[in-house]
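Just the one chain here, laid out as structure tokens, in the form predicted on its own.
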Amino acid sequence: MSPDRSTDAPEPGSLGGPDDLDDETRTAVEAELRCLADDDFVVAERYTEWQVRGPTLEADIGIGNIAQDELGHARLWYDLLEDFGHDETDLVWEADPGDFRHATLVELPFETGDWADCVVRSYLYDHYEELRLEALRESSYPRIVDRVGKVLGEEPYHREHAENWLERLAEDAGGRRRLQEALDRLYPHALTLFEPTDQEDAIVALGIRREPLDVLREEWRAIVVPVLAGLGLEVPEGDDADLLPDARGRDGTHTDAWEPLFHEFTHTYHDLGREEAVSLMPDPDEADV
């Protein structure tokens, strides 16, 4: 893709480290990192629900590996937020549910027993993630640039897994019906992946991300819509304003499914009376990343 660079935006990697940022820039960097981290953390939580429940052993292993990858990616982004005085405990385990800025697509429960839901969700999410990460390759914040290459290196397997299963399920009428039902249910929530935070203008102007989300959304559509149509599926049509759900995620509003999921993954921490959680992953700055 061709980055949409403003002539006034800082050059790639030019912002310096966390101690070099002014308050405006720090706020914008934090907003971008929070979306990246929360998306990956919550989608990993949902993917784990399919372990040992997939239609084949191959599917179980595949989705388990993808969940582990996404959890590792979340850790990379949360670690950068820790540069600004946060820690994993207050970012995740003792956070308020309304503090999370993930898109509503990743928090929705799976339709009971429907592998097509997992496949469609993965397909829509993974192509979004590739585009957003590519737009961060030349970020003006060097700590993002340091991490984005590792994340991008693990994403092709995720997309291949989703695409292979999408084609496999679309081979017969029953599979296409299930895919269509999943697409109808999930597509409006996939659009929330491209909803901006209140820092969107600053993120782009400062070169933290080189393309605005509305441009990424159109690039995403140009990729996913022809593929889905080629499999005999119909993408919901209409203006985004009409398709989008009331809860957008990026603004702190969430579906009714979010708080139960939040309490599910934090209840052990609270039940054990912990004051500090075991880290999701080793500190990336102290490990070979």
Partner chain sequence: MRWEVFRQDKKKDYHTYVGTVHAPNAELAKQYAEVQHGRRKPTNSLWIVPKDAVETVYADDPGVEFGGTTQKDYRWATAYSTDETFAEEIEASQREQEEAERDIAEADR
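Everything numeric in this text was worked out from a predicted model, so none of it was measured. Positions refer to the first chain, counted from 1.
As for the form predicted in complex with the partner chain, it is not shown, yet the points below apply to it.
- Annotated contacts: E24, T27 and A205 are all free of the partner chain in the predicted bound form [non-hydrogen atom within 4.5 angstroms].
- Residue contact check for E49: none of its heavy atoms lie within 4.5 Å of the partner chain in the predicted bound form.
- The partner chain is not drawn, but in the predicted bound form it has a heavy atom within 4.5 Å of I61.
- Among heavy atoms of F84, none comes within 4.5 Å of the partner chain in the predicted bound form.
- Looking at E160, you'd find a heavy atom of it within 4.5 angstroms of the partner chain in the predicted bound form.
- Residues placing heavy atoms within 4.5 Å of the partner chain in the predicted bound form fall in a single listed stretch, namely 162 to 170, out of 122 to 130, 162 to 170, 182 to 190, 105 to 113.
- Residues of 64 to 82 lying near the partner chain in the predicted bound form, listed in sequence order, are N65, Q68, the criterion being any heavy atom within 4.5 Å.
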